[in-house]
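Next up is one chain by itself, shown in structure tokens, the form predicted on its own.
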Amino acid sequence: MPSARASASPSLALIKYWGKQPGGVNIPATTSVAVGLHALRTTTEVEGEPSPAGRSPAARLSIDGVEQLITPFEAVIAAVREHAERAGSRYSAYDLTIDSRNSFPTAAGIASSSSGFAALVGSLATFFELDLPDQEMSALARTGSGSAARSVFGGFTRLDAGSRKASRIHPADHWPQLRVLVAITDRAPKAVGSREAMERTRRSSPYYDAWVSDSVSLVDEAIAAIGERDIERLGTAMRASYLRMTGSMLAADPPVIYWIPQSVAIIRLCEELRASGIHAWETMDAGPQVKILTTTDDTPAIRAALESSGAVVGVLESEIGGEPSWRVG
């Protein structure tokens, strides 16, 4: 059977994407600035065989060995298959078996949807023998997950409010000393998915409009800090972004609360580390895990503090990168 494989990394938003514009498919309400986590990967393999005569081609998909309902993935698969049909791909009418596996906890607040849909699009495009530009790949990945539009690129990226596709700000080697530590506080899948939580916040939080209008103020600051490789300036903007996003979530009805006691303990630990002169700038997303932006020099001290804190069940470390990889077979 013909097959193809692709891998991509999670896209960690430093300036947050939280909220979708009505009337589109995962069109962001806020501009996000992000980095790819090179050491964390989603690997997706596609195999195909001709569909029986008289039946439309079908697809099956599993994540970490567990078969999933195909509904959340149908739009992306159909969109890439449509490209294949227009291009005259010899495999456009094949049934597909798709296997996706993560090197990190799935659906636990580490942006597995971003790497997952980017790897899905990459594997499908490779299987169908399509030569699509990165911008089109980004737009296709966005239809599955807004943040996946950024995972198509490595390094430092942005996804503008109202945009269909992301773009790269700097390559991965722009800031080689930068590191991200992911403090895992709970490996279980989160109870409320990001999409549902975003919509609940948009519909019911009295602070949502203020969050959207204010978020733009941090974008230029973060991009300038990345350009100057100024971690304190970037960390300050990053911290403001996640706390303001969280404020809008807490005010939803019912409130969206992902933090657990261990999350708060790590936030406090980062405050203490910064007070001692260590670069430990935390951020959080839709989940209880805490991501810490730092440098190679300070990574050992932060890792040691996390591991002795009693608040983590694991620590992942990554350099900035995350360039995707697609290949046949």
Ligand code: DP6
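Just so you know, these numbers come straight off a predicted model, no measurement behind them. Each residue number is its position in the shown sequence, starting from 1.
Omitted from view is the form predicted together with this ligand, to which the following refers.
**Student:** Would you point out which of 144 to 152, 226 to 234, 202 to 210, 119 to 127 contains residues with a non-hydrogen atom within 4.5 Å of this ligand in the predicted complex?
**Tutor:** Checking each option against the 4.5 Å cut-off leaves 144 to 152.
**Student:** Just one of N102, S194, S89, T185 has a heavy atom within 4.5 Å of this ligand in the predicted complex. Which one?
**Tutor:** Residue within 4.5 Å of the partner: S194.
**Student:** Which of M137, M245, V80, A222 has a heavy atom within 4.5 Å of this ligand in the predicted complex?
**Tutor:** It is M245.
**Student:** Should Q262 be counted as a contact of this ligand in the predicted complex, where contact means heavy atoms within 4.5 Å?
**Tutor:** Residue-level check for Q262: no, no contact with this ligand.
**Student:** Using a 4.5 angstroms cut-off on non-hydrogen atoms, would A286 count as touching this ligand in the predicted complex?
**Tutor:** Yes, contact at 4.5 Å.
**Student:** Can you work out whether L306 and this ligand are in contact in the predicted complex, taking contact to mean some heavy atom pair no more than 4.5 Å apart?
**Tutor:** Outside the cut-off, so no.
**Student:** Against this ligand in the predicted complex, would S32 count as a contact residue? Criterion: heavy atoms within 4.5 Å.
**Tutor:** Flag for S32 set to yes.
**Student:** Listed by sequence position, which residues of 13 to 34 have a non-hydrogen atom within 4.5 angstroms of this ligand in the predicted complex?
**Tutor:** Heavy-atom contacts within 4.5 Å come from A13, K16, Y17, W18, K20, N26, S32.
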